[in-house]
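Just the one chain here, the form predicted on its own, laid out as structure tokens.
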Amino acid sequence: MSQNTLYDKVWEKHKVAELPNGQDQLFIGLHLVHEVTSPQAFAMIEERDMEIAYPERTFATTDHIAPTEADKRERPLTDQQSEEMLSALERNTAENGITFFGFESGKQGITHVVAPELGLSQPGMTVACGDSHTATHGAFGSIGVGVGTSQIRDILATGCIAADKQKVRRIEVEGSLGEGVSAKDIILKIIQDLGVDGGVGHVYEYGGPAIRELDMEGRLAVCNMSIEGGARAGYINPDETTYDYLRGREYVPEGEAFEELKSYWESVRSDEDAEYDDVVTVNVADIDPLVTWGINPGQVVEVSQPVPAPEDFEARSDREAAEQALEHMDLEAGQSMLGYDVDVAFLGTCTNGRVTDFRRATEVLEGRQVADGVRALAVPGSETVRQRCEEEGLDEVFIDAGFQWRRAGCSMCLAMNEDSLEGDEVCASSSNRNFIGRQGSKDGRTVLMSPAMVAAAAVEGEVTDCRRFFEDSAHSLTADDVSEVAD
């Protein structure tokens, strides 16, 4: 087993006891809740007449069902079930002294965007939330895990969960990214190389030159999709980039207290001679932007490569999955994703709904228009992100280009509100999952890509190489280029 990694250190610092079933009782330093997975847990606590153990360590927001059209946020919400869930969260947090970032707070948004930007997520923490993408918080050098309703109950009641320690795989990401290639492409490349089940039984420690060069928002995007690679969690060792980001955040101490915290943060970094259960190298030098062609995040190609054929896969299950994907996406093996028609462009989510994501997209959109027939949504990951974008005038670029500029929420990532695909629409999406029905229609088709690629697809009305829109990039591709590769 691994030794002296950040994961080992944080686990041991938060381990309370070894349970009779062999699991560890693990203390949770930061607990995040939202309106969908928490009502039943609070009800269990109430039925047992129990008090919340550490209300000051729990923070709540509403995101999954949050309407993103401003005029639909008036209460009661038009959708009865959504109103019931939101009302339950408001009541449960008020009765138990839990901080809630509601619509009127100015801080509402997706849990995995709100907590980092407020400084709630910090190195050396254990973070839990009733959402699989809690892995996002590992970008700070914490261990973020998604939990189920019964575990939410346990955290509310005791501050702890029962958990199995995982193996640690170090992923050394070599190379530097070219113009128009982003953190989203790094994690898609990792999933392409290791597979959607590659991380089962592991947490991923991301490192290497390409990771060190990322800003915090890029690191958040990488860790966010650890779960899509099958890992229980993913993290990056904290460094000066981490500390610079945290300075001045609302929930981060200042002055001497900050320096004391920094000393702790430094201490939990993986030792130089740390032992890992596995080490893998992924080279991202000279990679092209990646897009998915199928119905899981591992069915992905660089835009320079053609869609693979089922017979290209060794495992029978992979061949069958490829056949299903080609049928659902209406694709043929050997076809290029370049030129694949797009009906909807969606920019947002806990993967790519941060300020830098919107900035990058506007570099493509400035002075251009969304193609006729394309419905384009820009949904900030939080109200804080929205406000910052508006202060910079980014919203005007989106609106002038023909995007709908929305309020914060999960939106079309999983379509639990009114933001949904219709029929067999194709969506160029900056989200994290492309499962059948994920965006609200069983016939809808999702193509995952980076924010710049989403913006480029919106302008062209088809999947295109975003590097066409960056003057200093000499590597953009057309469908004809890919045809030559396939030949």
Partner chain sequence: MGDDDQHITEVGGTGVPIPGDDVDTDQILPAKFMKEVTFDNMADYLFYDARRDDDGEFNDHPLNRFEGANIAVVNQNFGCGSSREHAPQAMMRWGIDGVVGESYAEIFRDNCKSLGIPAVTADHETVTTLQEWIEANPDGDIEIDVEDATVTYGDRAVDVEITDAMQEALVEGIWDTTALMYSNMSKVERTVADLPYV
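From a predicted model like this one, the values you see are computed outputs, not experimental measurements. Positions refer to the first chain, counted from 1.
There is another form of this protein, the form predicted in complex with the partner chain, and it is not shown here; the text below is about that form.
Chemist: Even though the partner chain is not shown here, does it sit in the predicted complex so that R48, R57 and G124 each have a heavy atom within 4.5 Å?
Modeler: Contact check passed for all of R48, R57 and G124.
Chemist: Residues in which of 325 to 333, 279 to 287, 305 to 313, 78 to 86 have heavy atoms within 4.5 Å of the partner chain in the predicted complex?
Modeler: In short, 78 to 86.
Chemist: Just one of G393, G106, G248, G201 has a heavy atom within 4.5 angstroms of the partner chain in the predicted complex, so which one?
Modeler: By the 4.5 Å criterion, the partner-contacting residue is G201.
Chemist: Though the partner chain is not shown, can you say which of I211, V370, M416, M337 has a heavy atom within 4.5 Å of it in the predicted complex?
Modeler: In short, M416.
Chemist: Answer with yes or no whether R407 is in contact with the partner chain in the predicted complex, where contact means some heavy atom within 4.5 Å.
Modeler: R407: no, not in contact with the partner chain in the predicted complex.
Chemist: Test of understanding: in the predicted complex, would G29 fall inside 4.5 Å of the partner chain by heavy atoms?
Modeler: Yes - in the predicted complex, heavy atoms of G29 and the partner chain come within 4.5 Å of each other.
Chemist: Is there a heavy atom of Q166 no more than 4.5 Å from a heavy atom of the partner chain in the predicted complex?
Modeler: Residue-level check for Q166: yes, a contact with the partner chain.
Chemist: V385 versus the partner chain, in the predicted complex: is there a non-hydrogen atom within 4.5 Å?
Modeler: So V385 does not count as contacting the partner chain.
Chemist: Can you tell me which residues in 271 to 305 come within 4.5 angstroms of the partner chain in the predicted complex, by heavy atoms?
Modeler: Counting only heavy atoms within 4.5 Å of the partner chain in the predicted complex, the single contacting residue of 271 to 305 is N296.
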